[in-house]
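Shown here is one chain on its own, the form predicted on its own, set out as structure tokens.
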Amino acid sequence: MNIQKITNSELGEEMQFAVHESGFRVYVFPKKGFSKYYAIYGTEYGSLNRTFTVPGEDKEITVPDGIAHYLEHKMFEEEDGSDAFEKFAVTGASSNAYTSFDITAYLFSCTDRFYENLDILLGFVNHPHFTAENVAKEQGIIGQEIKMYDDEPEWCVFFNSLKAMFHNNPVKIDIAGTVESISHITPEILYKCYNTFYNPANMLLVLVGDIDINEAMKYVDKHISADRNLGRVKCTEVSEPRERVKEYIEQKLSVSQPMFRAAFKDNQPYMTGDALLKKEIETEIILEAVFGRSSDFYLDLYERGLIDSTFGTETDIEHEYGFSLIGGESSNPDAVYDEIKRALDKCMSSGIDKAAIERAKKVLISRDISLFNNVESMGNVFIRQLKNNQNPLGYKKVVEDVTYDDIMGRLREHFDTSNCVLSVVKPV
């Protein structure tokens, strides 16, 4: 097995990686002298992957919404009746899992017995156990979780913005599905999705800490066989109109003050590698320069009482989807929305202040450098970058190479004020 290394002398960091004969990708970020370890084991499978073709078959299938999240819940239950969480508790590790739009991940952190915990992680993820009884039992549990999120204001204002932006992209569908959709999930469907997306070549493992990659690969060999290599799964690409569904969406819930998100959809999906990373960085620079805490916009609206400390921005730019959100709490969301559009239109006509762009670049670089002091942050950020064929040690150079013209081009393409959305949650 060929172990390769990439180093960044400026950061003093190294990435070791190897591809198992099964196609399984393993990445180790050695942290000599660190007392903490972190492992995150992910499959390129999330709520978006509802329509796909099973490798070796010709017919395209569509599975019930929420099945990736459902599968994540069921993976911890083992055939002998034990629970993987209990095994981690015995070793003193802290374990968890999550499902997002495009990835499902299983993780743990610990301060000792690392390889024992790695053995547990690789063991339960590679040995599923689904029965009619345990699948039916989970439907009630996840059904309650879905209902809980239906009344969660932050979740509602977020997902409502996606529904108002996207016509066809399944990113607008709740990750957990609906009570009705999960009622159609069976052990047979779970096994079909597991065998398709949990094949080793569609998965990757990121390890951070004082770790020996050769020792880690012994446990990979123990749990993963080469004959399960089906390759990275190709899912059906969705055609998405450029135009929004509607400009305004509102919901009333038990909140003390209105919550809002001004939302912008990305119209250049299906990029990967540094091109995708560059697009994300350009977007983050714009948001930081125009709406960050040191911007004229923020200081002006804060002093006028239109926004408070909850105001912020986020961007999520991935292979199959992308969007940016600006929001928080405000007594007058409509007025803030108008100010956001006015600020963006001014930037398009007059340009963004170059000094603000340089400050924003420094903010992004400092955030990246700070990642390397926290093993959990490294694992969580790097697994997404590695999934997208990006080099986690090369982030700073991509930031530095972004030009002013790149920024202005991204501003005009992404922040189209004639095609944005306002999502509001108001008090009952």
Partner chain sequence: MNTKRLRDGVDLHIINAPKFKTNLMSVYFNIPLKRETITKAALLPSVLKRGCAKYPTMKDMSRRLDDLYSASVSAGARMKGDGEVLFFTAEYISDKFIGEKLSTQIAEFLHDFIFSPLTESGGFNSEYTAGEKNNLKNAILGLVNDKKAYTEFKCREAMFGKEGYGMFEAGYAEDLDDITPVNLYEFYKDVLTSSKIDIFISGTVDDETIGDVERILGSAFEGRDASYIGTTVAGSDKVEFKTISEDADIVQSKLCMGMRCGVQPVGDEFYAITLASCIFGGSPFSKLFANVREKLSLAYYAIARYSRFKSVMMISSGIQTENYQAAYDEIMLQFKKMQTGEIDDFEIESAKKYLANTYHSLSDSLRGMEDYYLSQCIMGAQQSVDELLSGILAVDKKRIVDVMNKVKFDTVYFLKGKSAGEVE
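If you're wondering where the values come from, they're calculated on a predicted model, not measured in any experiment. Numbering follows the first chain given and starts at 1.
What comes next is about the form predicted together with the partner chain, which does not appear here.
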{"property": "Selected contact from Leu344, Ala262, Cys110, Leu107, since only one has a non-hydrogen atom within 4.5 angstroms of the partner chain in the predicted complex", "result": "Cys110"}
{"property": "Residue among Asn214, Ser225, Gln268, Ser294 with a heavy atom within 4.5 Å of the partner chain in the predicted complex", "result": "Ser294"}
{"property": "Stretch in contact in the predicted complex with the partner chain, which is absent here, among 190-198, 119-127, 253-261, 239-247 (heavy atoms within 4.5 Å)", "result": "253-261"}
{"property": "Ser22, Glu44 and Thr99 each touching the partner chain in the predicted complex (heavy atom, 4.5 Å)", "result": "no"}
{"property": "Lys218 within 4.5 Å of the partner chain in the predicted complex, heavy atoms", "result": "no"}
{"property": "Partner contact for Ser35 in the predicted complex: the partner chain, 4.5 angstroms, heavy atom", "result": "yes"}
{"property": "Ile369, heavy atom within 4.5 angstroms of the partner chain in the predicted complex", "result": "yes"}
{"property": "Close approach of Ala93 to the partner chain in the predicted complex, 4.5 Å, heavy atom", "result": "yes"}
{"property": "Heavy atom contacts to the partner chain in the predicted complex at 4.5 Å, residues of 315-332 in sequence order", "result": "Glu329"}
